[in-house]
Structures are given as C-alpha cells and as structure tokens.
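So this first bit is one chain, no partners, the form predicted on its own, shown in structure tokens.
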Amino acid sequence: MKIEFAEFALPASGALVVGVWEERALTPAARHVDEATGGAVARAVQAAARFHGKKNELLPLIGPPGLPLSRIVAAGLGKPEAVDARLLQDLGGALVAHLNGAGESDATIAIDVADTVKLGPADAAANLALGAELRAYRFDKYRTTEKPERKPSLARVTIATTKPGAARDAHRAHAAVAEAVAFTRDLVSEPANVIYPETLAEQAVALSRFGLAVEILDENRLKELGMGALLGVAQGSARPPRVVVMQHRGGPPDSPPVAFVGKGVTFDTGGISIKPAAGMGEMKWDMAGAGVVIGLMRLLAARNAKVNAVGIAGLVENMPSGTAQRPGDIVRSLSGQTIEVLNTDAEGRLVLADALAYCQDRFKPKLMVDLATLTGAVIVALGHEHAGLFANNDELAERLIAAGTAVGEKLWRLPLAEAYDRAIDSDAADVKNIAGDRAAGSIIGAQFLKRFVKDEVGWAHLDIAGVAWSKKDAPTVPKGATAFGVRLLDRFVADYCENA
C-alpha cells in the first residue's frame, strides 16, 4: 500500500474520507464535499440514528450524487480537544480496515483537524499514515491460494494536508517505526521450522546494514563463559543455542548504555515437563521478547538514536529428548548461583538469568529492561490488555508506563517483595525455578530474575505473554503477532534516554 501526501482536491475516483466532530458538526473539508454533493453528506449524517460523530464511528455513503466517487466515508472525530496522535493513528488504522473490507483500491483521506487541535497539519497527516501502515500489515507469505475478497484491495492512500512537504518529512520517522514493527511481527509469525536459534541469529546479523555492531555467541563460547542455565534449556534440542549481542553507538563514547534483554525460546514444548498438545503450536512465538529486542535495535539504528544501546537475545529451543534437562537437575548459572530446575517448562527465566548476568558483567548498563513471554499466570491476572511490569526502580517503572500509555502499549505494575522471594529458596541449591504452588506465578518468575540483577542496576521486567499475540483485530494491530514493546521502548528511549 502506497502512502502519498497532497493538498486537498476533490478526487476523480475512488473513496473519500471526511471528518465529522461530535454532535454531527462537519469539518471544513466535509462542508466542501457536502456542497459538491448537494447537501448529501449533511443529510446522511443527520439521518443516521447511530452516528453522532464520536470517535471510532464510521458512516459510509455509497455512490454519492454529484461526484465520480465510489463512496464517501464520514469519520467520527469526537471532541476537538481530545484529538491527539493516538486517536489519529487509530483512525488511520480503522479506515484502512474499513476500505479494504469494502474492496476499495484508491482512497483520499481529508481529515482537516489541525486548526482546532494541538497537532499541526503535518504531524496530523503523518500520524494518520502511521496508523494506516501499522494496520495494513499482513503475514501471508505461505498462502498459495486465497479468495479475492479476502485479499487487501487498497493500493494507494492519499492523505490531504495543507503542508504536504512537511508531512512527508514527518512521515519518514514514522515510516521507520512501521518498518521495524513489521519486521518484528514477521519474526514472531514465522514457524519454528523457519525461525530457530541459528536463523534468528542470522536475521540479527543482517541488521549490521543499519550500522549495528552484531556479535553471535555460539555454543562453544557459551560453555566457555559458563552459561549453564541457558545451556541446560538448550541441551534437549538438535538446534544449538545462540546469544545475540547488538550494539548501537549513538551517544558519547564514555556514556554507559541502556540495555534490552529478550527471551528467545524459538519453540517451547515444555521439555520433559511437556505442555498439553492443545495450543502447543502457538509456542512458535515464545521468542517474542527476543524478536522485540532485535526489532527495537533495528529501529534505534535506523533513526540514529542519540544514545548508546545494547540488545541481548538468548536463543534456545526447548525440546524433550534423551539429552534433555530433567526435573530435579541442578545447573550453575553464569552469575555463579546454582539453580534447582523443578519444572523444565519454567525455562525462559533460566535463559534470562544468564543473559542478564552477561549484560551487566560486560556492559555495565545504566539501566536494563528485559522482555519475555514468561508466564501464563500474567494472562490470568491481566488478560490481553496490559503487560505485566516489575521493577526495582520507581522512576524507571513510571517512565515505562508513561511511554506505553503514549503509544497504546499499556503496562500494569505488579509487586516484588521478600515474601515472594522466600518461596523460591531451594533446599538443594541457591534458588529453585518455581515455587511450591501455583500462587503468584508471574511475581515468582520476576522474583527469580531479580536474583540475577545487581542492586545498583535499574531494572525492569516486562512479562508480555498476554500481549505478544492477538486473536482479534485492533485499530493499529491486526490479529497475529503484535510486536508489543518495539514502539513502547523506542518512545521510552526518545523521551528519557537520548541526550540524557
């Protein structure tokens, strides 16, 4: 789908979208189109019992009189003071879905809101475009046959604005975001016979074209380093593990980096503690945390973020076999702490334990954020609306929440406490990887990770198990892989880390 920016003119064909404020008040462009149709727009808006101009409301007028258009869509904008970047992104996404559903191939969007809201015309147009691009994403590379009515029809969208040149400039930054999100969604969507530790590492290496310094630690190097926790997870698979180390150097040479660490279990059977068969196919996206870290580092490099950043992804496949780790095994982690593995399906925390320790020892980061589809318990607690947030630093937690709110990737902070920590004390080792019962499962997972974080390092853990994959469409997120975390952490870096 091609995005263009131009000054407003009545199109000669295709679909046209105009804005309507709450209480059915037409915007200037809508009034212009209304005059060209002999008042058809105003009549339709007034006659529609369920259309009031509130946000998320769309009213199509098929075959409007007086114009050679297939349809005019009246788009509810709500109240002028409530229009912001998020609303416009959601509107752009909703319009793409609506126009594709109607079979339109060419559309002009004339949402002239800039005179009455805080965004200028260029930013308003660029945010509409971003939402349109995010929603237009599809993962369909393996479909060899498909009914025509199911294929996207929309080939071109022209966004009308009084500042088309400035809108194009503003769109370049948004386009980098959309490309990074699409790249991440692709990684997470791929089946596990295509994306496994070696091939996911290759995807990261290819990002050196953006200026990233990428290093791959192979199995022998991991053994030399002493990553016994990560290697224990990987030992049941024919696919050897990898750890990806990515560096973006955009800040002062002597400035410590911000660090992002991702869980990359490219397929998770549960190991010897095997999962039920139903739904196991979904475990191809148990590497979503690593996918987000790789996508984020791509974005930071592509937009030349003014910060030093490190991304680390621990990549393994968790399989049952004659060589697999057993419940009751004890492994020695990179930190030197020993871990009693009572459940081999609580494997992501083992991978992260070594990745977090490595990150701190080598890079001495100023802060560290990890992402993982760590626990099913977080879905029980928060559903699919929020990711779980755990942190040892209040300011870091508040900033992550604010960044997530700004881009629509919501976080909810959950507690860490000594009482939870005592639940993972082991009689046989320094720590065990699960508690004795199912209570507070997400907190227990986070509390385990905290044991491998030094007190002086600001650290946050994002449990994204409930938000990494969506079973329904949202305005800017079609069902499937969401890339939750890429936009959130990019916004966090832009707002709080660059030039700091």
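The first residue of the shown sequence is 1; numbering continues from there. Worth saying up front: this structure is predicted, and the values here are computed from it rather than measured.
Beyond what is shown, the protein has a form predicted in complex with a small molecule; the following relates to that form.
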{"property": "Position in contact with the small molecule when the complex is considered in the predicted bound form, options D345, E104, D123, D430, heavy atoms within 4.5 Å", "result": "D345"}
{"property": "Candidate from I379, L416, A402, A206 lying within 4.5 Å of the small molecule in the predicted bound form - any heavy atom", "result": "I379"}
{"property": "Proximity of R326 to the small molecule in the predicted bound form, heavy atoms at 4.5 Å", "result": "no"}
{"property": "Any non-hydrogen atom of A465 within 4.5 angstroms of the small molecule in the predicted bound form", "result": "yes"}
{"property": "Contact label in the predicted bound form: T375 to the small molecule, heavy atom within 4.5 Å", "result": "yes"}
{"property": "The small molecule contact at D286 in the predicted bound form, heavy atom, 4.5 Å", "result": "yes"}
{"property": "Segment that reaches the small molecule in the predicted bound form - one of 366 to 374, 418 to 426, 223 to 231, 158 to 166, heavy atoms within 4.5 Å", "result": "366 to 374"}
{"property": "Full three-residue contact with the small molecule in the predicted bound form, heavy atom 4.5 Å, for K263, D268 and R349", "result": "yes"}
